[in-house]
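Form predicted on its own, single chain, as structure tokens, below.
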Amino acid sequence: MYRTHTCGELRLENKDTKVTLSGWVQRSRDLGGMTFVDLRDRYGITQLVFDLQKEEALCMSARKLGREFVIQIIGNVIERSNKNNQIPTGEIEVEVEKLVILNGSKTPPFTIEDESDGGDDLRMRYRYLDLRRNPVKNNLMLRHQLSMETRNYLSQNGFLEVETPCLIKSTPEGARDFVVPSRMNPGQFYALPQSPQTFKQLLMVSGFDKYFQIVKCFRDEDLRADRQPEFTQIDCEMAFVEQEDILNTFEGMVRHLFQKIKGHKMDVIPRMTYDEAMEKYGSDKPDIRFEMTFNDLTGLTQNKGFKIFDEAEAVLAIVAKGQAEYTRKQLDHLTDYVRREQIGAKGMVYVKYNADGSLKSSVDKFYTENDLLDWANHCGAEKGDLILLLSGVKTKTQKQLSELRLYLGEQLSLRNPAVYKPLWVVDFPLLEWDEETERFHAMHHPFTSPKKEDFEKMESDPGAVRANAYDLVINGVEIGGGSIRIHDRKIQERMFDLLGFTKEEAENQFGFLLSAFEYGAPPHGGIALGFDRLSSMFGGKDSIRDFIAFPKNNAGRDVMIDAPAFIAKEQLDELYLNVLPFVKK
């Protein structure tokens, strides 16, 4: 056999045991009469010792071992004289009697250590080597543990895991689809699923009242740290439920995961309406680890001769507690930050509520100290605090101030990654107006049910209709979202009509679902949680890439296998795709 034990298994109680180990050479140290080799596998590291006086030939062979050589050894476990309490096997070492080189290795392009000298691009090109590093290996082990605990919880609560198709029909709503040409149906295309949404609803019609799937989804979107073209979600659906049933079930799952994975006992998850989240935080995914909520100063700041405030739809402020001593340089830096193109504010006004009770602002020309004191009192500011104001169109100003709030929270170390503050955001708008297309779009998706009490507004005031929808937010990151679904054909047809579908388009795209609703569709709803995001959050990281075995880069490329790639003209011809300019010559 290649091994009797793993490299992370041996302890002092194994002393005097003959063992066989296999693994990779992490490093070797030649100390003249003795050669030491650290042997690594996914379970840990064991130190090997080669004694020149006992086995000269064997010791000379050991000196020729390079990093990442794959070897097998046979030897005896002995107590280590110079113990290493940094590793679990640090009290023992193996005195080698036999060495077999199973495979050599070229010198790796970067050091395979916890702190590597390889940049992102290099490590992605040699991802199979990067996966040998403990941080990445541990991330994937965490992901595995998370998936197992998720399956355990859902299975124990009566959910069935059902696989849904990966080759489906393209739909016009949502992000761009990845499409797959069909050789047997010339000119026609499958799409890869952005989610299993309609299939899980059909499973509810079929009587599978509790479904889940840890499923791959695909969206052809621009990428960032928490987005990949293919990603994984915990997809769930339940029948004969209302919103409260779903929130309770999946709050239970989140609390279960935190308890099992992090040893963290989580309190009941608070809830907040979408409107409240926007008014207090300017975001539908607020980070509630720290306060710094919004204050509306519009009425107190206008008609004083300061044109920027006078002409603004809204003047909003936040209070940075204890930061009145910010220097002019620091304030200029904050102003430059909100003026960045990605944020788009035209400027920022500040008020220092000094420790001696005096108030100093960047608009003293227009406002008296009493005016500034009124602002401070309205905001709940105290001596020593700093007040920051932005103004403009209300919705834009909310977003800009939200960005400033998060930036300040980061700068002031208020966003502790070891603290977890989950939140349910509920009562989203059903629809949002798109200025470019001049029509409504579904804020979540077109199968979301309106609140029953808002049905009558669907024609008269569609923008005021609230959705029976909810998002799970943790530390300012949207981890998942869901809704109670429409299960009545007539209401679904009304929804499609609001979204600008003709009857023919609705029937062509979703006729199968509308038809299913006529065969006894139960009330149902569900949720999907971003599994990659959940993994990275549990791992304390912002990027999801290190929690995916073989991720794409920011351009959507797999630089290891060099994909996407050109395909041969013969393949294009077979698929009836004569896109000759794109064929590699």
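One-based numbering along the sequence shown. These numbers were taken from a predicted model, which means no experiment stands behind them. Each form is matched to the other, and the largest set of C-alpha atoms that superpose within 1.5 Å is called the rigid core.
Omitted from view is the form predicted together with a further copy of the same chain, to which the following refers.
- Note on contacts: among Lys262, Arg176, Lys503, Lys83, the single residue with a heavy atom within 4.5 Å of a further copy of the same chain in the predicted bound form is Arg176.
- Comment: a further copy of the same chain is not present in this chain, but in the predicted bound form one of Asn185, Thr327, Thr437, Asn370 has a heavy atom within 4.5 Å of it, namely Asn185.
- Taking non-hydrogen atoms only, Asp209 approaches a further copy of the same chain to within 4.5 angstroms in the predicted bound form.
- When contacts are judged by a 4.5 Å heavy atom cut-off, Tyr420 does not count as touching a further copy of the same chain in the predicted bound form.
- Although the partner is absent here, Gly481 sits far enough away that none of its heavy atoms falls within 4.5 Å of a further copy of the same chain in the predicted bound form.
- For Pro523, a non-hydrogen atom is located within 4.5 Å of a further copy of the same chain in the predicted bound form, even though that partner is not displayed.
- Partner proximity in the predicted bound form, defined as non-hydrogen atoms within 4.5 angstroms of a further copy of the same chain, places exactly one of 292-300, 330-338, 147-155, 460-468 at the interface: 147-155.
- Annotation for 539-576: interface residues with a further copy of the same chain in the predicted bound form are Ala549, Phe550, Lys552, Asn554, Ala555, Gly556, Arg557, Asp558, Met560, Ile561, Asp562, Ala563, Pro564, Ala565, Phe566, Ile567, Gln571, Leu572, Glu574, Leu575, Tyr576 [heavy atom within 4.5 Å].
- Annotation: Cα of Glu570 displaced by at least 2 Å between this form and the one not shown, core superposition.
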